[in-house]
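Here's a solo chain for you in structure tokens, the form predicted on its own.
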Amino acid sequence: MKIALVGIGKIAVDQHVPAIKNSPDWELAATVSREGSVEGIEAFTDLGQMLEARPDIRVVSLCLPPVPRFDPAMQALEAGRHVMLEKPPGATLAECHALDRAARAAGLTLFATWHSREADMVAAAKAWLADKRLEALSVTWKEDVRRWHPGQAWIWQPGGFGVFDPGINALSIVTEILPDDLHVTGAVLEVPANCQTPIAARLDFHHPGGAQVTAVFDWRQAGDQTWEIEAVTPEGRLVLRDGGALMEIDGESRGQPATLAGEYPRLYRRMAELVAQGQSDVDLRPMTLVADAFTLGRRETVAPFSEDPDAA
């Protein structure tokens, strides 16, 4: 199937373009971006022009930041195209529900993707936990924002999610591997004095079985980066490391060093399946937990953020 990629930034160039080009299911037929392009691919600067000029393109994949994503997503649906959304699927839950309703009414596929769920050992962790009683689960997600999001000022603005931009990846894994749903009971959000979104957060959750569930997110991590989920059960201790690429059960390691290389090809394979089956996949549980954290979170003002670490 022919597909158009909208928003040619770092994640599109690094992950989406290679995944599409190496897929037997897809042909990258056009791009839409005010600044970026892909060599050898027809480029547009306006989505409406692309939709009118290329009726043969059935699918649109949106890699825009969450705040401006709703209008082009709805525009593509109204033009009869299937839509794939980079995470998080939107700036608000209400707009995501609106897109879901529009897609279902039109008989189109809408796929709210969570790439971290496609990490190598997530499915194995889900299977191991399926029949076990959870006693405790802790998330530790600490990375350096200057390294992974340089110059991306939108993440500090309303709708930019702040540290929950990576933190939602952890929550997408947690909601996938646990057989029971969680909800947030309390949160502390550390917000730089010159920003609108948090640079760090601590969350507590209710688990229906009484397990103690917590999460710590921090964007100020120097040195080694930490993406870890630990689950304790009477039958043993499971740890997912490197964002789900590695798994340990009672200290026995499984998996390979972290890479996104397999995650995005799996997302595009899933999108092809959804279109072929006439289905949608719009799981908003990770985003709901983030929204609840913003609702319940106690704000603490911390030092202003600067791209220059020496100025911090």
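As the structure is a computational prediction, the values presented were derived from the model and not from experiment. In this text, residue numbers run from 1 along the sequence as written.
We do not show the form predicted in complex with a small molecule, though everything after this point is about it.
Within 4.5 Å of the small molecule in the predicted complex, heavy atoms considered, which of Lys142, Arg202, Lys87, Arg81? By the 4.5 Å heavy-atom cutoff, the listed residue in contact is Lys87.
Ser280 within 4.5 Å of the small molecule in the predicted complex, heavy atoms: Contact check for Ser280: no, nothing within 4.5 Å of the small molecule in the predicted complex.
Cys63 near the small molecule in the predicted complex, any heavy atom under 4.5 Å? Judged by the heavy-atom cut-off of 4.5 Å, Cys63 is in contact with the small molecule in the predicted complex.
Heavy atoms within 4.5 Å of the small molecule in the predicted complex: does Thr31 have any? Although the small molecule is absent here, Thr31 would stay clear of it in the predicted complex, with no heavy atoms inside 4.5 Å.
Is Ala291 one of the residues lying within 4.5 Å of the small molecule in the predicted complex, judged by heavy atom distances? Judged by the heavy-atom cut-off of 4.5 Å, Ala291 is well away from the small molecule in the predicted complex.
Based on heavy atom distances of 4.5 Å or less, which listed stretch (178-186, 191-199, 92-100, 152-160) is in contact with the small molecule in the predicted complex? Stretch 152-160 is the one.
Complete contact of Pro18, Trp26 and Ala272 with the small molecule in the predicted complex (any heavy atom, 4.5 Å): So, no: the whole triplet misses the small molecule.
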